[in-house]
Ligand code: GLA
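Here's a solo chain for you in structure tokens, the form predicted on its own.
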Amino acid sequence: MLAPTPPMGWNSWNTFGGNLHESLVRETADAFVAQGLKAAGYQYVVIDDGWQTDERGVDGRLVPDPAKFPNGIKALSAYIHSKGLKFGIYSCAGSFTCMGKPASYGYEEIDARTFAEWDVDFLKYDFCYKPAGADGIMLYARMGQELRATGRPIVYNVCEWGINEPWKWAASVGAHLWRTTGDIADSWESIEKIGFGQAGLEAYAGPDHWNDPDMLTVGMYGSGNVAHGGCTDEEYRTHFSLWCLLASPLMLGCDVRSMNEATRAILLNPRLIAINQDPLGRQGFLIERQREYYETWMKPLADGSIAVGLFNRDVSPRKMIAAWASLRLHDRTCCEVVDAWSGESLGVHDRAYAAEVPPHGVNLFHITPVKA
């Protein structure tokens, strides 16, 4: 399996859009090491749309923009690999990419071979400019087949925005993850709509095949390519907590070269990452919704414990209760409750656990059954 747990890394799009260049990507790889991201498990450095020239070469191959990538893509890939990281690239199933650059429709074989020759480890494959009458699923199947034919292990990210319900078919065309939604924006409204909208998709996720509700906006604070007002640190904690419960790929979208301490504390929290990377591979699911604003989600873990998130989508604080019965535990079961963010034990409880949850906030904890 190429993706036994959800892929973790960084993508250039959220902050930089098409304004990416070689030195930026190299500095990002350096920051993965210096900021502790590599040690925490983040490994993919992915360049999105805008790395190409406006025309293919005379040999039919995609050409890196020489002004942005003067040393070429293979040299950039080698640099990232030298840091112990993996390299990802972008293309599109249509005639053009979303920025109007040459895409892979009709060139699947040569592009897959080119990516393999460049030692690419991850392909994000978008869905702009699909030719009229072309079958979208077949387009993704074509590229999946050509990637496999190269013999190089390349994680395949189907990014058709959930249009054809890819959770039902993308694994069969070789995808390891697939976008379930349109693009995320750096706003509470976008995070709320996309994240809580994943309820019901949990049956389609597991080791080597993951639902992808798009990249993280943690630490962007209203700047960058998908800026839309930004979020508070509390909202970013909620964002990260939900993505970890969802067993979502954790692809960072902020400028990791300049993260503040609050951002680092969120993205590097080892207990949250362990929930996301749990080897059981279960996607968390909604177990209770009250009055539209208050939701309880749970994620069974390989060690027999349960990760539980109490989410308050309202604008006022709310006391919320996780009842053992709703978590499929006998209400007389004694359970130790541990705060997932701090690691602090909150004691042994039976029947239920109650917590005050701030506006747009979350109380995320582990519940572990213990002997009475």
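These figures come from a predicted structure and were not determined experimentally. Don't overthink the numbering: it's just position in the shown sequence, from 1.
Not on display, but discussed next: the form predicted together with alpha-D-galactopyranose (GLA).
Shown here without its partner, the chain carries D48, K124 and D183, all of which come within 4.5 Å of alpha-D-galactopyranose (GLA) in the predicted complex through at least one heavy atom. Proximity to alpha-D-galactopyranose (GLA) in the predicted complex, defined as a heavy atom within 4.5 Å, holds among A116, A274, M99, L201 only for M99. A heavy atom within 4.5 Å of alpha-D-galactopyranose (GLA) in the predicted complex is found for exactly one of C244, C159, L216, M143: C159. The stretch among 146 to 154, 175 to 183, 258 to 266, 276 to 284 whose residues place heavy atoms within 4.5 Å of alpha-D-galactopyranose (GLA) in the predicted complex is 175 to 183. Taking non-hydrogen atoms only, Y90 approaches alpha-D-galactopyranose (GLA) to within 4.5 angstroms in the predicted complex. The closest non-hydrogen atom of W13 lies within 4.5 Å of alpha-D-galactopyranose (GLA) in the predicted complex.
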